[in-house]
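Coming up is one lone chain in structure tokens, specifically the form predicted alone.
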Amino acid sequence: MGEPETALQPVLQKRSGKPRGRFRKHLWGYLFLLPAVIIFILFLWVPIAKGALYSFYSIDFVNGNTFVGVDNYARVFQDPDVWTAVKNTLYYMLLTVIIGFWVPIVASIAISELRYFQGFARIAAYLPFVVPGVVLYGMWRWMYDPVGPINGLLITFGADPVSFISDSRWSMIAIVFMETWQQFGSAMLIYLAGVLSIPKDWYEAAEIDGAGVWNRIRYITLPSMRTLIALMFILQVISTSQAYQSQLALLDGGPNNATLTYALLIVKYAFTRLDYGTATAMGMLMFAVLSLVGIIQYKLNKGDDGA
């Protein structure tokens, strides 16, 4: 009976000492990682935890905070501006998908098919992304002006001028066009990296079999980029749901609240109405919805990996 125990003893000692040995082996890596983890906790999770706590308080920096329970959340659901902002945000997200989501995909595929000047095309497509915000909004306000170049072009072709800024039917569309022009370059580089990672042998075999450009895109490029496109779609949904900068800088939510998004209303509650409790409650509701979207996206990706 003693011999088997003696034979297993080195194995048991080795297994029991393995985690400690692994920790010692990677100790310096953990130490270098520790500052980033601390910063991540302090500036992300601590504010989230405090936000969850403060959403149940009436925030007063002079007289102190007062616990109000779920009154802040009740105020959110009773405010008609909140539902207007939710509707505008969903409309904005839909427009970004219809107008802007496919632009970087098409641009990346077109650039990958270029025989010459591919590097110049990449730089030219990315340049709008580096335009400063102040310059961007000023430039597009001039372009959308009733006597600006866009309306001048419409008049040249016999169309009536459009009030892009002051007409509530066009204001959100105008913002989406502006943002698509500025931001498609960064997404295009990500898609382009995905296109260039596809083995060239597949394209060469398709060309030998007589496949044209459209067939190569349909049967090779797009199926190979399916996972990347799905990921970028989820990221766009999350980012557009938090949009407020363009709506604030160009129109301040107008005209007639036509560009008042949910995130912009949070900013107005906090810094215009000075109702930090309600603003925090709105932020926590957004955090809950986006967390649910992230969980669904994770489950879907996990299911695809398992398949």
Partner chain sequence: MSKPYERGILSDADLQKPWNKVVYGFMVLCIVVMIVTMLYPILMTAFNGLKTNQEVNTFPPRFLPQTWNWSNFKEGWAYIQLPMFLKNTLYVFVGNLVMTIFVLGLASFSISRLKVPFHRGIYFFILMTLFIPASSYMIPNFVNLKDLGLLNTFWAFWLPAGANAYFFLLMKNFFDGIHPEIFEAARIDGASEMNSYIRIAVPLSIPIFATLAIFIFSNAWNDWFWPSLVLHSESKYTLATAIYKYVINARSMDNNIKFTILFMVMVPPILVFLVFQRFIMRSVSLAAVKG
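Because the structure is predicted, anything quoted here is derived from the model rather than measured. Positions refer to the first chain, counted from 1. Rigid core here is just the name for the largest C-alpha set that superposes within 1.5 Å across the two forms.
Absent from the display: the form predicted together with the partner chain. The rest refers to it.
Query raised in the report: Thinking of 219, 254 and 302 as the candidate spot, does the partner chain come within 4.5 Å of a heavy atom on all of them in the model of the complex?
Result: So, no: the whole triplet misses the partner chain.
Requested in this report: Name the single residue among 91, 83, 170, 181 that comes within 4.5 Å of the partner chain in the model of the complex, judging by heavy atoms.
Outcome: Looking at the other structure, the residue within range turns out to be 181.
Requested in this report: Have a look at 162-170, 92-100, 69-77, 125-133 and name the one stretch with heavy atoms inside 4.5 Å of the partner chain in the model of the complex.
Outcome: It is 125-133 that comes within 4.5 Å of the partner.
Query raised in the report: Using heavy atoms and a 4.5 Å limit, would one call residue 226 a contact residue for the partner chain in the model of the complex?
Result: Output for residue 226 is no: heavy atoms all beyond 4.5 Å of the partner chain.
Query raised in the report: Would residue 204 count as a contact of the partner chain in the model of the complex, using a 4.5 angstroms cut-off between non-hydrogen atoms?
Result: Judged by the heavy-atom cut-off of 4.5 Å, residue 204 is in contact with the partner chain in the model of the complex.
Report task. Check whether residue 140 has any heavy atom within 4.5 Å of a heavy atom of the partner chain in the model of the complex, and answer yes or no. Result -> Yes, residue 140 lies within 4.5 Å of the partner chain in the model of the complex.
Query raised in the report: Applying a 4.5 Å heavy atom distance criterion, does residue 112 contact the partner chain in the model of the complex?
Result: So residue 112 counts as contacting the partner chain.
Requested in this report: May I ask you to list the residues of 41-77 that have any heavy atom within 4.5 angstroms of the partner chain in the model of the complex, in sequence order?
Outcome: If the 4.5 Å heavy-atom criterion is applied to the partner chain in the model of the complex, 41-77 yields 41, 42, 43, 44, 45, 46, 47, 48, 50, 51, 54, 61.
Requested in this report: Could you tell me whether the Cα atom of residue 38 shifts by at least 2 Å between the shown form and the other one after core superposition?
Outcome: Comparing the forms between the shown form and the other one, which are aligned on their rigid core, residue 38 does shift its C-alpha by 2 Å or more.
Query raised in the report: Any chance the CA of residue 271 moves 2 angstroms or more between the shown form and the other one, core superposed?
Result: It does not, since the residue 271 C-alpha is displaced less than 2 Å between the shown form and the other one after the core fit.
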